[in-house]
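Next up is one chain by itself, shown in structure tokens, the form predicted alone.
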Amino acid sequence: MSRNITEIVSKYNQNGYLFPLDAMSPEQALAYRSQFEAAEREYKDKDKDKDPDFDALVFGHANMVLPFIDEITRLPDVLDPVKAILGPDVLVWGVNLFIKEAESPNYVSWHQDLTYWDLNDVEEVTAWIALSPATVNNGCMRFAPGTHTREIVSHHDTFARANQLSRGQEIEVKVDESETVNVVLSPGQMSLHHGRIFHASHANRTTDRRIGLAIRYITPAMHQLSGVKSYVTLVSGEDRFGHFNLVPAPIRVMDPADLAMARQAVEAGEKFLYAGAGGQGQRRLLRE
């Protein structure tokens, strides 16, 4: 798809999503995947007494502990269409690595992202970048076009084991599956989607992992309704509001100082992500 800014904004506003856009080359995507999997092998192996919070720290705030993920959030080909939608001042509110292991039963139920994010407005956009192929067979995202124009609908928490959402949340609205769109992406491509659009994904029925990176961009004018100051990074322009804790770029992979900051970010997020959940959702990962 061409980088016509007017076209990007028009199609995004009409449908609530836009894809495919080229975020990087397939070779770059493979290199980033390799860097992540190397860090995963080094730091996630519990037999070597590695950090037991690796998943929560990396999959919730990957850009705070992995410099190459922070680098992705700042790539011009990623940021330019985001800035066309949000304007020149942009924060990264969260970064999530979404992994569906080979032949995994894990799925994502129909939901709206903004339901539990505790944000006061909709000046946000998620860039979902494929570091491996995202196909119908391995559980690519699905969108219900135009549903971003709806207010937040009722959701209920299931805490289903195979549901990858933080609370297993699911909308209490019937979705016409025949009118949904499969977000098929090649490595290096990305989609953009609105925080109110209905979206979901099936299980991975293939023999390879499905790896995606979701970057949650917001404007500095936003704030948490609860008064919690989330931890964010400034990736474009300036923050003239001070509603969030600004975090510098990470020093190196899993640096102790960066890990300490990421733990604070996880604790701050848990104050609103699991509000009303009665403790059931604590330490579950925020998913797509």
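For every residue, the number given is its place in the sequence shown, counted from 1. Computed from a predicted structure; not experimentally measured.
Another form exists, predicted in complex with a small molecule; not displayed. Remarks below refer to it.
Q: Residue-level contact is defined here as any heavy atom of the residue lying within 4.5 Å of the small molecule in the model of the complex; does T126 satisfy this criterion?
A: Heavy-atom contact with the small molecule at 4.5 Å: present for T126.
Q: Taking heavy atoms only, is H148 within 4.5 angstroms of the small molecule in the model of the complex?
A: Output for H148 is no: heavy atoms all beyond 4.5 Å of the small molecule.
Q: Residue-level contact is defined here as any heavy atom of the residue lying within 4.5 Å of the small molecule in the model of the complex; does T73 satisfy this criterion?
A: No, T73 stays farther than 4.5 Å from the small molecule in the model of the complex.
Q: How about L192 - does it come within 4.5 Å of the small molecule in the model of the complex, if we only consider non-hydrogen atoms?
A: No, no contact at 4.5 Å.
Q: Using a 4.5 Å heavy atom cut-off, which residue among A214, A144, I171, V92 comes into contact with the small molecule in the model of the complex?
A: Filtering the options by heavy-atom distance leaves A214.
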